[in-house]
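Alright, two takes on the same chain below, each alone as structure tokens: structure 1 and structure 2.
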Structure 1
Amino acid sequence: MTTRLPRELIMFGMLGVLIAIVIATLGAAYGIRMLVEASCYAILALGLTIQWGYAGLFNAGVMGFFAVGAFMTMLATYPRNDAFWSSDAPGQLITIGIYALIGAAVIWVISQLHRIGLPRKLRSLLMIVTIGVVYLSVVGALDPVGDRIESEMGFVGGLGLPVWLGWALGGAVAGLIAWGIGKVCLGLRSDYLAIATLGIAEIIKAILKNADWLTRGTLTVSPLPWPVPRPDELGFVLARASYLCVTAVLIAVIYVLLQRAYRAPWGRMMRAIRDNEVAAASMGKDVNRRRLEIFILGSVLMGIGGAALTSFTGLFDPSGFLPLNHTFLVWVMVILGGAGNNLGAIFGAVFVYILWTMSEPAALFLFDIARSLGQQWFDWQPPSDLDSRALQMRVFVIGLTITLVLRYAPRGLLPEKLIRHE
């Protein structure tokens, strides 16, 4: 046993060879771009692996947190839109915000009315009516302002803040949303969390896609600034390499912190809750509170990962958020790499991302062969949209991978190492 190399070393060695092949055949600029994107996915995967691997929480809405991170970094870092700031629109938005706050305060007061002896049913009725009125008046006030901003000034524009602040904001807002969902769902079984996160992800996407005054919707926003000099100053390879350094340092910091947390009493408690909730609760652990903590922490990481990837591509495109690319691909990375093992998540992210980018030309190539063979041998008339259909084959493969890994290798390629204290 002692002479065998550790599994991690073999796996990462093979991964290194794979990367070397890609760089050698497709060029350094392409290879490094792929690595940067893979490293952003690794941050997403680390966020998911602590939710799923440490705590057993099912998050089916990675895309939502990704999108929030992307939006916040766009809002924070994109150059200011002077036409917007010199008009009276910001003032109007602030007024509406104050109205919304007043409305929220009134709703809170009503929610406390049972203290002075109001019957519960009456309170609920009053609350529903008030929520309706406040909601309708805020939306009614916002609509014309939004329309005016859209027609006169394009969109709100960014705030022109430094990029790191945008990423941090992305993580913070993603965490805030996770707090709201977690509060509602974490006391119930994890199926509910899955449904709720799936829903919130679609809603976030719908808002980002349709609130044109805020996000420019389907018109997309680009180019977003980088934390390092852009390629037009340094050239593709150098600029992308320095971006890779930034994300690599970020991953290293996150990894070290997570490893420490995993070994700490906090991590031990998390695993205890995951493995036997009842026993952990009977030992006096506040199960729901701990779950909320780790759910927020994971979502913050997802927000940062989404922000980093969006900054890198330089394009904020709300219709480009797809559950397949931004939720289920991350799932495959985590369960294939080994849930609960941070190294496994990083390995899975890089490995699966390389396969994913390679799968597009591979699928087209295979279907091209199928088309020519079919035409030669069977006189088959292929449909004209065969290429777009070929890419759908990848959806099938992702699904098949998930089910097969769950069945035959539920612990992944780099399984979680259980530390035993004898």
Structure 2
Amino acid sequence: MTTRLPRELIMFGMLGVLIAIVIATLGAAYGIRMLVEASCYAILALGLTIQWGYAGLFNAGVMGFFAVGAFMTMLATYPRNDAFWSSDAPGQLITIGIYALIGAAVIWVISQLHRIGLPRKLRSLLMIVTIGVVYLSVVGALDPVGDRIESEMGFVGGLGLPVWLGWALGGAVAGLIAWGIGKVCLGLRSDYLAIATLGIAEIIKAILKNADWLTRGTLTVSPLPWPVPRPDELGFVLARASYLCVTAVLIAVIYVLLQRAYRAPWGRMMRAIRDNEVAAASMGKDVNRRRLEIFILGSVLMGIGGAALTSFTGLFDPSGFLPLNHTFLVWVMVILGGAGNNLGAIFGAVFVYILWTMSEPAALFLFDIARSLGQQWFDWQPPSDLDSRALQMRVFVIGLTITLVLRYAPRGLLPEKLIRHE
């Protein structure tokens, strides 16, 4: 009688061999850097797999929550700008913030006026007018302050807080934004959530890109501090290995907590809502509230993943937030690994990111062979821009991979396992 190896062991074994080949070919420094970036993407994939795999929520705006986490870690951890804090600009910004909070409170009160008999159409009209007045007032007061900060102080700067606190704030603010989106959209059809998250992601990117007084816009902010000593202190290999240990521990903690939640009554309830919303509601479950919980939780993880990756790169660049890299790629990781399987999300993140990063050097290697053989055998003159096309092979390789997986493993390479209860 033969013992069949678990599928997970086989897949991770093959992944380990692939990682070893990369490190042996390109060196330990490059390989460990790739693993650190892949581990940050694994946190993003875990956030998405619980939204889609646990509750069936289609989040098309992963980039937005990534950007929020990146911005918050920059704002919290970057060194203080003494020129800003020694001026009266902080007080002016606080005053404007108070006015904005008062305006938000007035808008909320107007939204509740239907409870005292005000017609809904009139309430909606009052809300639109009030939102317009509050927005124009806040922007009108903020513009001159922002212009002054840019011209005299450069930008606001950071708060000089510990890196772990910046990551926590990134997750918290991403969760707060998810709460606002979920309160509006989760009670509607599922496609509204996809539209809302996609739109919010682009709005967040536009704000961060154009608020030069807050983010330096296209000028970027660097270097961001690390939670471990940087390469100039330990060397590239040891410093990146230390960072990898931090992200690996973070993934392990998240994985254990998510697995416990998955096997708990809460997890069974989420899957019941995903599989049959009407039946779950008929059993007295608050479907919208539970969906909101899972949407917030997944977005918190996305914010943490974005913060961790931005800290590692050491650069905050609002122009670098791309739907292809920070939404589509994460979806490929989840689909390929297996939606609803936390281990599959981790596997998919590492495997897809290796394909993503190695496609260009592999394409350059194949182009060199084709150029050499073509000239020798057929006197072929290759295009002058042949090497520049290697980067485009990323999209081709990822597209081909996901096509093959959907054809031969439609539930992913490590599909969700159904838990039977006696």
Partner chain sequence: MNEIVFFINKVVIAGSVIGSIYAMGAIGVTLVFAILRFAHFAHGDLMALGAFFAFALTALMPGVGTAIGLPTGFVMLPVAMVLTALVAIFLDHAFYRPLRENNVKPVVMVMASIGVTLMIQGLIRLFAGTSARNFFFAESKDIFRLELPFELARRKIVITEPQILLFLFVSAAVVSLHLFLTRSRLGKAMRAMSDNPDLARVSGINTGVVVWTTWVIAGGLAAAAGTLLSLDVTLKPDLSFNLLLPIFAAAIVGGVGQPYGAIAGGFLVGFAETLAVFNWSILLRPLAPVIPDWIEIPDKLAFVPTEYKLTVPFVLLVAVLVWRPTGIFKGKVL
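These numbers were taken from a predicted model, which means no experiment stands behind them. C-alpha atoms forming the largest set that superposes within 1.5 Å between two forms make up the rigid core. Residues are numbered by position in structure 1's sequence, first residue being 1.
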property	result
Structure identified as the form predicted on its own	2
Per-residue C-alpha change between structures 1 and 2, K121, threshold 2 Å, rigid core fit	yes
Core-aligned C-alpha movement of V249 between structures 1 and 2, 2 Å or more	no
Core-superposed C-alpha of G13 shifting 2 Å or more between structures 1 and 2	no
Cα displacement of L391 between structures 1 and 2, once the rigid core is superposed (Å)	3.4
Core superposition result - C-alpha of F365, shift between structures 1 and 2, Å	5.2
